[in-house]
Structure formats: C-alpha cells, structure tokens
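Single chain ahead, written as structure tokens, the form predicted alone.
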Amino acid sequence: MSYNCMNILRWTEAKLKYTYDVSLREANAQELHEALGEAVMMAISDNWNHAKHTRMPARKAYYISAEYLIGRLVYSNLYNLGILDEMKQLFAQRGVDLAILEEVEDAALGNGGLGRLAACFLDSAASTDIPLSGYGLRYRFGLFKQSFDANGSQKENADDWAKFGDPWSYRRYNHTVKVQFPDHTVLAVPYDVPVIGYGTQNIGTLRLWQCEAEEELDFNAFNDQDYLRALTQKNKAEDITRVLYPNDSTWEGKRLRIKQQYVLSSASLQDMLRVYKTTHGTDMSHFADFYCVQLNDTHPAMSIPELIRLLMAEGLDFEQSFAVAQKTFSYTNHTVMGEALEKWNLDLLRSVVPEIVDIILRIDEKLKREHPELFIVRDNTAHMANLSVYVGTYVNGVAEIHSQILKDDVFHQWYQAFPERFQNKTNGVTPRRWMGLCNPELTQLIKYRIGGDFLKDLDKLNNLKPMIDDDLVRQFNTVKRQKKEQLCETIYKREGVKLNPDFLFDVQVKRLHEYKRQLLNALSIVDIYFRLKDGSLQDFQPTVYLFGAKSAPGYARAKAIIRYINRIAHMINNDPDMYDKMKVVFVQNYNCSYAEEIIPAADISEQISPAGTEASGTGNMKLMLNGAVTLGTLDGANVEIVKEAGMENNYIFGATVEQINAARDSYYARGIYDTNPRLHRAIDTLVDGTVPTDDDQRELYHALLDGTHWHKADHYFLLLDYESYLEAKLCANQDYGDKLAFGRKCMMNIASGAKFSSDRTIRQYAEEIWHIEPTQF
C-alpha cells in the first residue's frame, strides 16, 4: 500500500485549524508535530489494524523490556513509510521546513544500549515481517534531562517528554488490566505505539503500560478537606510509572522498583492470556505452542513466577504451569557484572508480591531436588538471573566473547547442567535509523555505487570492497566533512563551542560508568595536552575530543568524572596555544537525536572498556557503519568488528581477558604510576589544582592508586592499559594525516558492517530461539 502524502498534508492542516486555530505556517514545532503525527496515524490505521488482527496459526513472540529508547519518532516513521522526502517537499512548497521538528523531545523511555537495542529489534522485526510485539512501561518522565553548571557538574531535570502531547500512541482503555498488591490495586492502561516496517506493509506494536488508580479521588476525604488523603490512591498508582528507574537506595525505593517490574510482568502476561483465550480457548496447557516470551535482562524476570501463578489460577497445577513457563520464556543476559545481576531480599519482595515469593520458593525447591549444586534462593535472597536461566528454554549472550564468558564464568555451573540452553546472539542496529535516516549523504553514495536499496539487506555492503579506490574514498571524505560541518553548527548552537570541521573527530559517546573508562580517555587527553605544551609531541593532527554521556543521578564517582572532563575542557579550550591543535567538548543531554548527528561525523570510535566487561555494545556498530575506525580493546562486539573489518583497519590495544585474569591478584597500580612520569603527571591533575579540585576528584585519585574497602586499586585497569592505549590513540592520530589511507580504513569498516544489522540478529532469534516464521501481510 502506498500512502497519499497530499491527504496527510490536508489532514495535518485540518487538525491545526480545528485544534489550535493556526495555519500550517503559523504552527510552532509542537503543534505541527501533534497534527502531523495524528495525520500519519490515520493514514496507517488500516494497515496497522490488519497487521495486528491477522490470524497467526503459528507461534508469535513477545519482547518484554523495562526500557525502549525509541527517540524522536516523526522522522523515522516517515522514513520507514518511504514518504519523508515527499512530505518535506510538500511542506516546503507551503513555506514550512520540516527541520523545525528537531525541536521536538525524544521519547527517552530507556537508559542506554539495552533500551535502544529493544527499539532496534522491534524495527527489524516489523521490517522483516517477523511476528514480534513489545511490552514496556509508559513512564511519565523518561531519563532525566542533563545540563552542566558553571563548575562542570551534571544537573538533572525532569524529562517531561509528552508535555506537548504524544501523537504516536493510542490509549486502549478497553484492554486495561488490574494488578494487585497487598495494599492497593492499580489499573495498567495500555498505550499502543505503531512500529512501522521499512519496505513492507507490516506494522508491529509496542504496548506500553501506564499505571492509574481505580478511583482517582477519595471524595469523602476531599469533602473533609483532607486533600492529601483524597489523592493518596491516585499518587500511589501513578508513582509506579512516573519515573524510569527510580532511586532504589532506600527500602521504599526498592519497593517501587519491584512494583514497576511486577506491573510490567503481570499486565503483559494477562494481556497475552486474554488474547490466547479469545483465539485458542481455555485449555492453558498449549499456551507455549503459540506464545514465546523474550526477557530483556532480569528486569522482567518476575514474569516467570507470575505466569505460573496465572496458569494455576486457570486450573493447571504447579508442575503443569512450570512446564508451560519453561517452554514459554527465554532470557537475554546483558552483563557479566555481579552487581548488575538483580537480586532481591525475600522479606522486601514479600512485602510487595507475597504470592510471587511463594512460587519462587517452590521453583527453588524443585531445582534443588534435581540439581542440589544450583540455587535460585540463597541467604534469604532471590537471584533473578538464576531464575531466568532455570525456567526458560534458552539463555543468550549478546556477543561471542560475552556468551563464552557466561559459559566459562558467570553461569558456569548452569552451563554444565544445561549446555543445550546456551546460545549467542550478537547484537545489531537498525540500518534505517543509523544509516539511512541519520546519514542520507553516505547512504546515497553507497546506493549509487552498489545499486539498489541495501537498507533491508546489509549483506550488499560486501559488494563495496572491490570498489574501494581513491575516487570512492575522496567521495566518502567529502561526505564525512559535510557531516562534521553539520555537527559543528549544532554544537555551536547548543554548547557555544566553535569547532573546526577539518580536525580529527575522536568520539566517546555512551553511558557514563567507570567500566566504560571515560577517565582513561580524559587522562590521555591531559597527557597529550602537556606534551603539546612542552613540545615533546610533534606531528600531531589537530583533534576534537568529543564526549557524550549521562551519569546515574546517585553515582557520585561517575559524576566526578564528568566534572573533571568539563574542567579539562575549560582549561584546554581557553588556552590560546591549543587553538589550532585541540578542542574538548562534553555535549549536554546526550540522547538518541544527538547521537544521530554525532555518529556520522566521527572519525574514531572509542570503545575502551577493559576486556571482559562490556557485553556487546551497539554504539560501536553504529559508528563503524558510518565510517569510523574503532579504537578499542578486545571486548564485546569489538572482537567481531575487527574480525569482519580487519585488525589493520582498526586500532586495538590493551590486555585480553586472559591477561587481565592472570594479572588480577598481583596487580599493583601505584607501581605503574610511580614509574611512568607522564601518566603520574596526568593523574596528579585530579588533585594538584591544575584544574579545580574537589573531594570527589580526590576520591577518584585514591580509588585509582590505593583502592577502597570494597575494591582493589584501579578496579578497571586504567593504568594497566594506559601505555598501550596512548600508543594506539596516537597511531590513529598520525594515520589521519594521510586522508586517503585513513578514509580507506573507514570505507573498509562500512563495507564489512553487514553482520551488525539488527535484521540479522532478529532473524536468528526467530529461527534459533523463538522458532517462528515471517508472516506475509
């Protein structure tokens, strides 16, 4: 079905006239977004309805995730419908530039890679006609908005992403479900978001649950002028989906997190059971023949005991319900870090979901009868990752090295007991948003060379390899400079910093966490700065070091790293000696839309976590596909990137997993500090006043050199990898001097990127985990 763009334009004009009493030219960004969104929703409604209600004789998959980082939808939806350029032209003919919609907020219902992966997977499933629907939570406030104060400190403000409306979802109150807690019952009200497939009529669905009270107002309390009590139930319910990842440092904060996870699990399963009964009748023993559920990390792990509880309420006994659950669920692990594998104190859990605790204990008893060496409950604590491995068909990691670590270490005993359950599914990214939409210039260059549309078949990129000659590289370099010019304009407008598009752009954009090692990057920049100042570093290619990251609000050490980098940036950017040599920028409020501008402009992609800590990464894939070389360790998907594109086209440094494990017990960070004067000088800037110093920076200094009561010194091996890192960084910098040779490396990365399409990943899930087939619409 083709879409009539003129009708969409007319509907947009009508909505603006009758709702806002403005013309197309008079409308502001928010009014235009609301009107255009509603017009597009009307245009796709028949297709969406058909896709949702097509009878599925075979299995269907459901993806349950606490996060969906869907970003700004208007451009990607028009792009996937194939009408973005035509709509831009129609609006331009009426004097309206659709670029005005860049002012519209992102839907930041996610924190980072895990949430963006979920969004990519839904896009890929819709585009490849795989029957997959998503379930999540409709947070009233998404991930916070970040700004920096005069001291370089991160400040957080509420992200009221839908304050001007949300035209990309429909409220489906008729499918509301009740979720019960010991002290109150909440309504989970679904909002459906269309997931528009590219090059297909298929439209998938993301159903997001919003919590509301059964009765918003206690009228008697209000009449008694007890206004707080009158709204108690309303606030109690709405708090559950008010904020993404509320602070859980207290007992009440943890209870709220558990409520979030239980609402997500219970509402989604109740919804599936409703559809199952309508389609297949009341015999629940065949539920897993038609429904499979992928748990995106352990946040939705409560789905396992909840399905057993619901099935038992429908008449199955515990063993029957357990068997159905084991065939229904599979689990994706996203971390090797013990502190991130969720564990819940049973007393805490029982205070919120007592029936769930009873079922977890029954599952644990069953496990211990069969495998006494394994456990789900230990020391009055429920281990949700263990629960997910046991009551599921498959467990997968998200990169080859990560999946191997799960088998060798994190779940070693479980792998010995259930080797057939363990798989690898290397992550991917949707090439529609992360090439076609964010880098149309590069997309057109590639299309011209290889012919046809490669955005649904990234394997076609391999055809570029024999074509990479000086002429193609020059064209690529021209595109790269265009993207840098565009980014420089955006950064000047948002950050007030002027950048030179002729500089090398060395980029590290990702969540701020110690293991991501933004501090390693910062220390190397300080070292390079000092060497440029004293003249000991020659032939340095002028470089922009660009950071983008948010720290969790309560993560003091990560916030200290942000503050330190901003202070370094202030020092360097205000030094006239550095004007033609170096700039440092930490962009504010890094999000999906900012990424769409930064990633195409990057020359170097910093992926520098210590080997064995990053499960996969997806930013590394986006940067590779847009023609950046990887400066990284042999960690996560970096291993597969260099395998595909060649070690000679990237810059790999640092200790391997085996070397880190061998060094762990005898590692002495202060010894490296004492014997490396350049590194010594850089680390001292944390405390010596070269940049403004504070207590948190002093704590960083001591954590690196002396350790803490819970970690040995330099827990993430910055000093161990430092010299290797700096050597690789400067090698990449030197190589940039030969633009043709460097551009050839970039082009080889693009041409080798086929593996990192989420279309490939989602097909593997469908074939090897869910056992489902694409459905033609």
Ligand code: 26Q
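For every residue, the number given is its place in the sequence shown, counted from 1. The model shown is predicted, which means the values in this text are computed figures rather than measured ones.
Omitted here: the form predicted together with the ligand. The next part is about that form.
Remark: of stretches 702 to 710, 413 to 421, 150 to 158, 112 to 120, the one touching the ligand in the predicted bound form is 112 to 120 (heavy atom within 4.5 Å). Taking non-hydrogen atoms only, H334 approaches the ligand to within 4.5 angstroms in the predicted bound form.
At least one heavy atom of D248 is located within 4.5 Å of the ligand in the predicted bound form. Though the partner is left out of this view, E252 does reach within 4.5 Å of the ligand in the predicted bound form, counting heavy atoms only. Mapping the unseen interface onto this chain, G617 counts among the residues with a heavy atom inside 4.5 Å of the ligand in the predicted bound form. Interface residue among Y667, Y515, F530, F290 relative to the ligand in the predicted bound form, by the heavy atom within 4.5 Å criterion: Y515. In summary, among the residues R72, R257, R207, K484, the only one with a non-hydrogen atom within 4.5 Å of the ligand in the predicted bound form is R257. Taking a 4.5 Å heavy atom cutoff to the ligand in the predicted bound form, none of the residues in 534 to 551 make contact. Put simply, G338 and E252 come closer in the predicted bound form: their C-alpha atoms are 3 Å or more nearer than in the form shown.
The Cα-Cα distance between S249 and G338 is shortened by 3 Å or more in the predicted bound form relative to the form shown here.
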